[in-house]
Structures are given as structure tokens and as C-alpha cells.
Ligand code: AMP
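Read the single chain below, which is given as C-alpha cells and is the form predicted alone.
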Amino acid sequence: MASLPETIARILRTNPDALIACHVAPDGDCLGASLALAMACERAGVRAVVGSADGVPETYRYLHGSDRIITTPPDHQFSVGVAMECSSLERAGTFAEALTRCSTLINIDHHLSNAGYGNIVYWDTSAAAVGEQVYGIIQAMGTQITPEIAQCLLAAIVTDTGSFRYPNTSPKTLRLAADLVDAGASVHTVVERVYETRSAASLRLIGRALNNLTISADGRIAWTVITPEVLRETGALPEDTTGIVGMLRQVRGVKVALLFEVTPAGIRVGIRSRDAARANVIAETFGGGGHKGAAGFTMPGPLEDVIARTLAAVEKELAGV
């Protein structure tokens, strides 16, 4: 009996085209895996298009093929649709409807919760990154792992493991990373572009965010707020908020860190947790999702109400820790 990677590989190889859709606010894992799979499809003679409702953050524009990612859903129907790391179809944003029109819909995800939609569901919570899952699919396709594909997959793995610092890093993850380096990828390139390259405006934004840090009376919750006014005053871009909530988690004694971003779509809440606190459970309370240590959701304002409701959910989660 064929494995899921083998089944997906066969479907991709035997269809003329594929639409690969990222989740909203795409990260390095989602983008790297999507681009790698698209390149593998093209090498197999399959026309592949990667879509991202929120475009590509500057941090990841060095990845091969990122300049070809579309932000407007296509009008025509694709043979195969791939929802990349979307725990629910709605997580694909404006590309959700285009995915439903595909003849075959493939759901690839490694988050702790998944709605189970699609014709083929490849849901593996043991994978450190969706890039691990895509690597297996590409292997099953019999496609050569070129240096460009390897670099995209390595970006997926390095970013979702926090440069191999997070508990999701397994021996399998490290062996896979070594194979990708052998294929021509560079860990140094990922770390330099993602973690060691920032604009002056983004550093000013970090300063403002840290200056506005609030810590709960018991020291277990830390949060800050970023508004459009703060972005304008610092000259930063919305994507420059990446990494800030992780900094808040570094405060000694903090179990849950929160970043509240005021956006046109609502209040976007980033959650980072440590030890037994579960970020995904907090996010799922409000229709979001993610991993145990990193999750998020978006909810309509007002801001004060979102903060109060989120803190109440965090307190409930911490009560059992």
C-alpha cells in the first residue's frame, strides 16, 4: 500500500498543473516548503503556481522563485490544489476559494490541530516542519534535490526549529538538514538572512515594542502592542514585527508572551509559550491555531477587549500548569 508521500507524489506527477497556497502571514517554513514543491513539480513537467494572500516578507525574498509568487487568486481551475500548512481552509485567506475549485485538494500540515479537509490529508504532528513532509514527497516524486530546492527546504526547517533550538528538533530533523547541506544548501545563509539582517526601522520598532512591555503581577505573562501609528512613527513595515513576541518570551519567569498587532483585518495576536503552557490551545479558543510553543489568531477589536479576553484565556491555560 502506497504511503501518503507516495500517493501525493503520484497525483502531482500525473496532473498537468498545481496551485500551491500558503497560509496567511506566511513564515519561512510555509514559503520554503511551497517553493521547493513547486520547483520539484516543474522539474517533473508539471506547471506549478505558488500563491500567498499576504505576499512574501522581505526576509524570505532571497529564496529561489519567491519573485514568482502570486498574491491574486487565479480565475481558472487547477487540476491539483495544495493547501500548505493551513490548519483550516480559511487559513489560505483569499486563495481558499481557488483551492476548493481544484479537482483534487491536498492538505499538508504538521500543526497540532487540523480540520481534516481535502481529498488527501497528510497531517503529521511529529514533523518539526512542513518542509520535512515536503522533502519526503519530493523524494517520492523521484526529483533531484537541486541546491535551490535544498535551500528552500533548509529555510523551512531552520526557521520552524528556531535554528534547531526548539524541542521539535529530532534526530531525523538533524539528519535531514545534513542531507540538504550535502545537496548544496547553507545554514549560514538562512541564519544571516532571517535572524541577522534587519532594517534600522525594524530595530526602532523593536525598541518601541520593548519599551511598551507589560508583565502580569505574577510575572508569568508578558505582552506588548503595535499599532499603525507605531509603524508610521518608526518607519517600519508590518512584517518587521516578526520575532518580537519571541523576545518577550525570553523574560525570566514568563510562561506566555503575547504580541497584539492592530491591522486592517483585525487584532492579530501572536503567542509564544514555554514549559507546559500550550500556545495552540489559547489560539484555538479564538479560532486560531499553531504549535504548542507558537500559535496565533486574528479577532475583531476593540483592542482593549481583545487584550482582556486573551489574557483571560491565558490565565485559564496557566491554571492547569
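It should be emphasised that the depicted structure is a prediction, and the values quoted were computed from it without experimental measurement. When you see a residue number, it is the position in the sequence shown, counting from 1.
If you look for the form predicted together with adenosine monophosphate, you will not find it shown, but the lines that follow are about it.
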Subject >> Heavy atom contact within 4.5 Å of adenosine monophosphate in the predicted complex, the stretch among 287-295, 248-256, 51-59, 37-45 >> reply: 287-295
**OP:** Answer with one of 208, 220, 193, 111: the residue that has a non-hydrogen atom within 4.5 Å of adenosine monophosphate in the predicted complex.
**Re:** 111
Original post:
Given that adenosine monophosphate is left out here, which of 87, 151, 133, 159 has a heavy atom within 4.5 Å of it in the predicted complex?
Top reply: 87
Subject >> adenosine monophosphate contact in the predicted complex: residue 278, any heavy atom under 4.5 Å >> reply: no
Original post:
Using heavy atoms and a 4.5 Å limit, would one call residue 270 a contact residue for adenosine monophosphate in the predicted complex?
Top reply: yes
Original post:
Hey, which residues along 19-38 are within 4.5 angstroms of adenosine monophosphate in the predicted complex, non-hydrogen atoms only?
Top reply: 23
